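The chain below stands alone and is given in structure tokens; this is the form predicted alone.
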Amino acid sequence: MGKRDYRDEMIKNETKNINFLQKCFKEYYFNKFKHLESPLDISRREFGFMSFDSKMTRHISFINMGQLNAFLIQNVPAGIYISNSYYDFPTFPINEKRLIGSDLIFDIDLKDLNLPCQKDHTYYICKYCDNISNNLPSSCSVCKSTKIDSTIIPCGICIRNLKNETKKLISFLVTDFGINHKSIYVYFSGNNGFHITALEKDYFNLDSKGRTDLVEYLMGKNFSVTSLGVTQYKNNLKVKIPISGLSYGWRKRISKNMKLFNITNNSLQKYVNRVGGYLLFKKEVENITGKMGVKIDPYVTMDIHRIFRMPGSINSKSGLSKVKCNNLDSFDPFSDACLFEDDRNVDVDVKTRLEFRFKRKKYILDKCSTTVPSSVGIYLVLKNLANLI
């Protein structure tokens, strides 16, 4: 098959897939609009919409949810986004919107965890001919294209680690920043992670620089050993524990990790010498903070003008919905976030062998044509692992 033939086949499949998805999304927003969470002060929010050909339209606002509903039925977007900020003029350009304030938002995504298991369920897809590899190729083995995309189906280990990272973030926010636990809301992103929103008035007016400092603290970035009372000047080591002690925040975490209890200037100095001196002690602290820090996407929190996926809307990378997690421990994204009705089956052409769980059922699919429930078909088509027949 020549390159033109590959491209023609791709376009034919994409057209069929998009027609199918648009119909499913329209039915969802018509029948399940109630699942969209009505935002606080909707008229002061900026909305953005992603089309099925990946074009983003921003700087839109709505007076109420009814107006939004009418827009969705008429336009059927692939993705719905809403600002975490509030503006006097949400439809104006960024520098003319007149910012009122912003909620704190965080994104914990699988790509930032770098789990060993990910290589077993990551798929590399040629953007030119749709060929799939289980290992990242330098070029496609079929058409030799170097344009390779990737997609992932999270496993149970992935979800468990994402939940643990989310709990870690919440612990930091409550313990170190004094944010009320009841002000923190956790959402499954609809794909490979969790979104966390903190509706805390003390941080409402925090600017981008302040949010950058907050993110660096959470991630354990740029922690200075001077905060522990350890300094060095011209090869002379000096240790003097701060008057406030090492009993809170990162100081407490680091000293506990080092198993330093009832610590004194003398015992801390002995510890620094025992690990090899100031530089090696500093390196050890960097390793501890890197390990214990929260793995979040820093740019999501830092950007006060970002638009974030709307709760209740469909994630166009999976067909799962962004939903609130009232009980994080028991939450099952492949069941609780799948809001499409399986009132019909669809025929799909699966591009590679797959093994996964969906709606508490195990699927083992070979590279072949098969029939699956519509929710599974939507998931596989959006993951670019199958084409509609």
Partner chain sequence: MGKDDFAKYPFLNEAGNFIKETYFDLDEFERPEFRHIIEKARKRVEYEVLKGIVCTEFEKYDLELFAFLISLIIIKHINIESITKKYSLFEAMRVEKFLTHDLIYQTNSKKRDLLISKIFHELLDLQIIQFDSQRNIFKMKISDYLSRSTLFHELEWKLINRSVDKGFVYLDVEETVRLVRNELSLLIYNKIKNMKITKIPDQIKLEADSIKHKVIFPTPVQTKNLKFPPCIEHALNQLNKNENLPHSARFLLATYMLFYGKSIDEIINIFKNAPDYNEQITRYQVEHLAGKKGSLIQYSVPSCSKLANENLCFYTHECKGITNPIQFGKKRLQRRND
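Worth saying up front: this structure is predicted, and the values here are computed from it rather than measured. Numbering follows the first chain given and starts at 1.
As for the form predicted in complex with its partner chain, it is not shown, yet the points below apply to it.
Looking in the predicted bound form, is its partner chain within 4.5 angstroms of a heavy atom from every one of K209, G220 and E286?
Yes, because K209, G220 and E286 each have a heavy atom that approaches its partner chain to within 4.5 Å in the predicted bound form.
My question is simply whether L136 lines the interface with its partner chain in the predicted bound form - judged by any non-hydrogen atom within 4.5 Å.
Heavy-atom contact with its partner chain at 4.5 Å: absent for L136.
Using the partner position in the predicted bound form, report whether Y299 sits within 4.5 Å of its partner chain, counting heavy atoms only.
So Y299 counts as contacting its partner chain.
Considering non-hydrogen atoms and a 4.5 Å limit, does its partner chain approach F177 in the predicted bound form?
The answer is yes: F177 has a heavy atom within 4.5 Å of its partner chain.
Within 4.5 Å, heavy atoms only: does G277 come near its partner chain in the predicted bound form?
Contact check for G277: no, nothing within 4.5 Å of its partner chain in the predicted bound form.
Choose one stretch from 126-134, 209-217, 78-86, 259-267: the one whose residues place a heavy atom within 4.5 angstroms of its partner chain in the predicted bound form.
Heavy atoms within 4.5 Å of its partner chain in the predicted bound form occur in 209-217.
Among the candidate residues F308, Y271, Y203, Y187, which is the single one with a non-hydrogen atom no more than 4.5 Å from its partner chain in the predicted bound form?
For this set of options, the contacting one is Y203.
Which residue, K97, K295, R251, H195, has a heavy atom that falls within 4.5 Å of its partner chain in the predicted bound form?
Exactly one residue meets the criterion: R251.
Within 4.5 Å of its partner chain in the predicted bound form, counting any non-hydrogen atom, which residues from 227-241 show up?
Only a single residue, S227, comes within 4.5 Å of the partner.
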